[in-house]
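The chain below stands alone, shown as structure tokens; this is the form predicted alone.
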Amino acid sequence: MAKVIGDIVIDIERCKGCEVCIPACPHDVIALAKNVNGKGYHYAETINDKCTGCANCAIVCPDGVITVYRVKI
């Protein structure tokens, strides 16, 4: 069985910090940053490398700022 490794890229300047993606992630990969973006929002960021590329975060993101990548090994 192939192992799937995932990663996400978040457009931090477009992220409004709504936090909808955080509970959607089954591996607790996402958290709000302590820093703010150019609009003054605390943006979502990855906090570990446990992403499997399930895309739950991208599906629930109301602004479509998350891109998901998956690689089968």
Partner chain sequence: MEHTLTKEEIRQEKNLVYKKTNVMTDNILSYCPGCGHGTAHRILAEVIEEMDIQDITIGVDPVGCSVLAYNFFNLDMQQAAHGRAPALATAIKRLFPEKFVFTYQGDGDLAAIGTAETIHACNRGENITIIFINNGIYGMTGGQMAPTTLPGMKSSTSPYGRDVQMMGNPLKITELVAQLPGTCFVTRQAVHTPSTVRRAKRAIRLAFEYQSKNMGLSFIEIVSNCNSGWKMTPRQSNEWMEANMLPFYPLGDIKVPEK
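Model, not experiment: these values are computed from the prediction. Positions refer to the first chain, counted from 1.
Keep in mind that the form predicted together with the partner chain is not shown, yet the notes after this line are about it.
The closest non-hydrogen atom of Ile12 lies beyond 4.5 Å of the partner chain in the predicted complex. Taking the partner from the other structure, the partner chain in the predicted complex has no heavy atom within 4.5 Å of any heavy atom of His27.
Residue contact check for Tyr41: one or more of its heavy atoms lie within 4.5 Å of the partner chain in the predicted complex. Shown here without the partner chain, the chain has Asp7, Ile8, Val9, Arg14, Lys16, Cys18, Glu19, Val20, Ile22 in 7-22 lying with a heavy atom within 4.5 Å of that partner in the predicted complex.
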